[in-house]
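The chain that follows stands alone, in the form predicted alone, written as structure tokens.
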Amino acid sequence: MPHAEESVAPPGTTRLWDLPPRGPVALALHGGAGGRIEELGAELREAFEAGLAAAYRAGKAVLEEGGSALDAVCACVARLEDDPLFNAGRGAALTIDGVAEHDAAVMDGSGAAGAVAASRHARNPVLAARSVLEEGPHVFLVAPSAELVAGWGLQTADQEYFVTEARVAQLGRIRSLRLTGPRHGTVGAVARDALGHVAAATSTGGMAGQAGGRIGDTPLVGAGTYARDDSVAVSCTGEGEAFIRGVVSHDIAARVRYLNCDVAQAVTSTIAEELTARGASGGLVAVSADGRVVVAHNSPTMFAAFEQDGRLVLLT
């Protein structure tokens, strides 16, 4: 049975899980960092846990069947995009105009990457990002058309699919200055496969009530998403502008590569210097080249799933 644990970090501190390698494969995912998601109801905690567990198992099944790290992280994130409780895909946060605009990125340890921003038509934005990686010479596309998405062989969806009553109500509170919860959130995953390759994938609806066209850190390679086989794969969540300014995921990888830091040390140093010291908050999941998993956040809470001592741990 999964073990549920509250992921509360005292103000000004970083909470960290540093998990040694356990076998040839490794996986961790997050479902967003911030405060308690009051606008979706505290009574839904079990539903959040179920969503995290289902996404983790989807990715783990890929790895156990010999699939690639990229396949695994995409499976995790696509499952979270389909769950309306999380800020990605269906149920994503809305812009101030009431529109769902999605950002997503994928990167594997070879250096191949793909990203989309302000996506309005792809049912699973993470799969659109993967199609950018696989289908052409580009890395980053903004506002891919429905025709382009369909041409990749992916499912498209109308805005009615993405917009939920909970997000409409949240936007109403923002518009009337009566917001009662965090305005951001992101989902993502990192993995190491049996061949020793790593990958990261991240997807988000951005900040609730953001201006149309605002892009956060999620689709920016080196900010919210990064992977290198010789060092680490990282997926981030939190205050996007701070992650962009600090180039957080790349900074972690650079500390591992150039300073010979272990992953936990690299993560805590980067969070301290690029987030906490600048008054920003968030979290991340990371997996090293040897399969070590690190989960960390300096935000009040973070949703995440990972294995510890042979059992699935769910943070809410």
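Start at 1 and count along the sequence shown; that's the residue number. Since the structure is predicted, the reported quantities are computational estimates derived from the model, not experimental observations.
The form predicted in complex with a small molecule is left out here; the points below concern that form.
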Exercise. Is there any non-hydrogen atom of residue 207 lying within 4.5 Å of the small molecule in the predicted complex?
Worked result: yes
Problem set entry | in the predicted complex, residue 89 touching the small molecule (heavy atom, 4.5 Å) | no
Exercise. Can you check whether residue 214 is within 4.5 Å of the small molecule in the predicted complex, heavy atom basis?
Worked result: yes
For this session: Would you check, heavy atoms only and a 4.5 Å threshold, whether residue 185 touches the small molecule in the predicted complex?
Result: yes
Exercise. Is every one of 246, 249 and 270 within 4.5 Å of the small molecule in the predicted complex, counting heavy atoms?
Worked result: no
For this session: Could you tell me which stretch in 188-196, 237-245, 119-127, 168-176 has residues with non-hydrogen atoms within 4.5 Å of the small molecule in the predicted complex?
Result: 237-245
